[in-house]
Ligand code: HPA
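Starting off, we have a lone chain in the form predicted on its own, written out as structure tokens.
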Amino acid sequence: MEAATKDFVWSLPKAELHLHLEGTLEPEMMMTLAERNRVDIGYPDVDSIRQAYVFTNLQSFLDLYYAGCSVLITERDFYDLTAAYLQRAESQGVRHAEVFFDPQTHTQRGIRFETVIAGIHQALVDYHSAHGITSCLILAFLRHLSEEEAIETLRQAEPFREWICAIGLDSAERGNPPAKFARVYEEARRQGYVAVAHAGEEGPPSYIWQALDVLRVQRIDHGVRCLEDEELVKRLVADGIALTVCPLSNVKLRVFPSLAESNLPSLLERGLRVTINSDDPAYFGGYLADNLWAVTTTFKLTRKQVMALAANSFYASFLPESDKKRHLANIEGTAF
């Protein structure tokens, strides 16, 4: 079967379903915004920031991640951050992006919710107008904080309901099960949001069950530990629940010792609807096509297998059916 080339992987139309905007803050932009906003980030230059990108687990990454967010203060900062991500994503074949933002990371620092979302939203609108890339904004609750704080964040989002398509759950997974957020997810569903949640990255398979049955999510972010529970695998396959897998992230955060030891081939063999994503690319060493190319070369994927992964990204998206069909037809067109 024909092997997939790097040019093929880059040019293939893709949707990104697991991307944290704050995680696209490259060291160069971090330094620029620190200087612009006169914020002391504790690093003298770009090289010293990059040297800090050695993580032992999820929490060690989050410590640096939250420190980096301190440079994001004005609406212009959030606009510039989002525009920079979209430019990189477009260069790697992304045609639709469903992106997380963490308002609590900023409102806890005294930044107004409106400041955060206005900058992000305007960049998404402007880039769509100029380049045609569509988007969906996902409001993520920080699971290490209380459910009451999540409910307050949902309340703050009400004036901007038209700008947000879904809610999610991220941050430190261990000790913060999905069921902790049952009430806020119920209220969000009442308001018309669709739901996703991080589960089964560091947390056990029981967290995936909770995300499905308590939070009633339509996608599982990460989910790689599902293979530890045979009944869970059957459930995910039967219901067509997509997993937004982030290969380079899994290696950087020591979920797997190396990419070659990732369980991605097993996930695919079991018939799970796997999508490939970049998570926090500025910190983990690659954007979407970089991740797809890494698994393509590591596991010697064929063009057909890579096309199937790209197709999964659109199947699992929150796009209207007509848009899904259009993107899927473009993927099929690359076969010839």
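Don't overthink the numbering: it's just position in the shown sequence, from 1. It should be emphasised that the depicted structure is a prediction, and the values quoted were computed from it without experimental measurement.
Another form exists, predicted in complex with the named molecule; not displayed. Remarks below refer to it.
The partner is not drawn, yet in the model of the complex one stretch among 59 to 67, 305 to 313, 266 to 274, 34 to 42 has residues with heavy atoms inside 4.5 Å of the named molecule: 59 to 67.
The named molecule in the model of the complex comes within 4.5 Å of no heavy atom belonging to residue 219. Using a 4.5 angstroms limit between non-hydrogen atoms, residue 201 touches the named molecule in the model of the complex. Remark: residue 170 counts among the residues lining the named molecule in the model of the complex, judged by a heavy atom distance of 4.5 Å or less. For the partner-free chain shown, 279, 280 of 268 to 293 come within 4.5 angstroms of the named molecule in the model of the complex, judged by any non-hydrogen atom.
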